[in-house]
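In structure tokens, the next block holds one chain alone, the form predicted alone.
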């Protein structure tokens, strides 16, 4: 007999299986690393830890499949008194987290070895952060969501500063921590106001209570504004974007890649849960606010990227602008808009990870590999890397037939369907700006003079990851139907 059966049901267990498995593997990796010298004779065997991460992701994936098979007639599995709800939305986003974690894990070994900071706890942090992301996609209670957010955030605070002897990394981690703590304070204040209004932390109860109040009720608006401020920081939307360029530049490039896609995807899932749930009845109040924020995010992200010479900072501002496009899907708010957000997150995962993987290849001994000069002449040195980077940049700009075009198409279509014509025009115009600064990198790769003769860093994992991201960046754009069907499973019921 299960001694905990009086506290937890089998359904409760089913709703958290993937998160528990990720956490257990993270703990196991910590223990394995602690006894590694005794078991295997030295830290050179830390590459074995990558297989621990891969095993964790396999088990987490099997957990998601099991959940998919046990979804109820309403497409939901609710556990812990409604605090965790597994549905198509949560399952879709958790597959995104798995893909991102696998790619980052297999490319990190070589990068960390070159940087001289290869430690076992890195892989545990990847898994612990992903465990927090799980609850951001499936949480339907303010406490559950907050715990998931902080678990993810604390792991990233450490990972951004993982290069302990690098002043840039230390500075980036400190800025990220301080600003993150400030945004968390705003978020918790918003949560407390919602709890005060509803007398419950359950999203469904809060939604029912707020639906009975006017959209422009001052207390409801206060809850919306403070909650939005905390969440907009997490997706690096203006005016809460100031942490992103420094964090992206100072963090190890493998961490930057993980932060830019997995953390953003989890925060977008959180944002959609809140605004299409408890705050849905207050759309009249928050829609114009988010529209202004989205335009400001597009403006700042795109214009600030123009003058950047550090590619990681350029991609940081690019990431800010992409957050603006995702917000526009939420502003549209119809079925096409929510599907567009899911499609955008999916394609962004592959194309943005791919761009950072090329930068990881440029990191060699005594060569940081982050500036435009470092990528100059790449076509002559490594045509394969140059062509792949071109594909990723075309996709980030939204040029067909790449996956990025599909993501932007659905966002623009949703805006037109809902009558937001001005927003659609503004968003389209900023595509032209993005093409300009992305092609600064292309020009350097294809027309620039080669400044570094050292061969690129490579490994089997890096080659496989580059091949996979390049394949899906093209495949989703050329044959989108199966991927669209997958994204449509993420619609909230």
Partner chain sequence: MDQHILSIVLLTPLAGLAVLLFLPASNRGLIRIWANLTSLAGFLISLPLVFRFDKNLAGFQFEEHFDWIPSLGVHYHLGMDGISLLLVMLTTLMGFIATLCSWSAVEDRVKGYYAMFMLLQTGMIGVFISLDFFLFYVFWELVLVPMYFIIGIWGGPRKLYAAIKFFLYTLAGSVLMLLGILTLYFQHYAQFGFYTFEISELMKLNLPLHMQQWVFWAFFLGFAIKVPMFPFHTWLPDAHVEAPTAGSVILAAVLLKMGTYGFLRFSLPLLPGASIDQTIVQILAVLSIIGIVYGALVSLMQQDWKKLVAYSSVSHLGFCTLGIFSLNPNGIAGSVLQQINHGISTGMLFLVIGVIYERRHTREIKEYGGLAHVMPRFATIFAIAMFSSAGLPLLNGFVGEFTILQGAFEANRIWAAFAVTGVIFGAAYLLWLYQRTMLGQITNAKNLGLRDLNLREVALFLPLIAWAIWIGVYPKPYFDVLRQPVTQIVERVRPGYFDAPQQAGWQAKSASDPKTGAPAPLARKVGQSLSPVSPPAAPPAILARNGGVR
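The structure presented is a predicted model; accordingly, all values stated were derived computationally and were not measured. Numbering follows the first chain given and starts at 1.
There is another form of this protein, the form predicted together with the partner chain, and it is not shown here; the text below is about that form.
- Just one of 425, 30, 464, 454 comes within 4.5 Å of the partner chain in the predicted bound form, counting any heavy atom, and that one is 425.
- Screening 289, 280, 158, 416 for any heavy atom within 4.5 Å of the partner chain in the predicted bound form leaves a single hit, 416.
- In the predicted bound form, no heavy atom of residue 59 sits within 4.5 Å of the partner chain.
- When the partner chain is considered in the predicted bound form, residue 409 lines it closely, a heavy atom lying within 4.5 Å.
- Residue 435 belongs to the set of residues with a heavy atom inside 4.5 Å of the partner chain in the predicted bound form.
- In the predicted bound form, the partner chain sits within 4.5 Å of a heavy atom belonging to residue 421.
- Stretch 426-434 is the contacting one of 426-434, 59-67, 456-464, 46-54, since its residues have non-hydrogen atoms within 4.5 Å of the partner chain in the predicted bound form.
- Heavy atoms of no residue among 176, 189 and 231 are located within 4.5 Å of the partner chain in the predicted bound form.
- With contact defined as any non-hydrogen atom lying within 4.5 angstroms of the partner chain in the predicted bound form, the contacting residues in 458-488 are 477, 478, 479, 480, 481, 484, 485, 488, given in sequence order.
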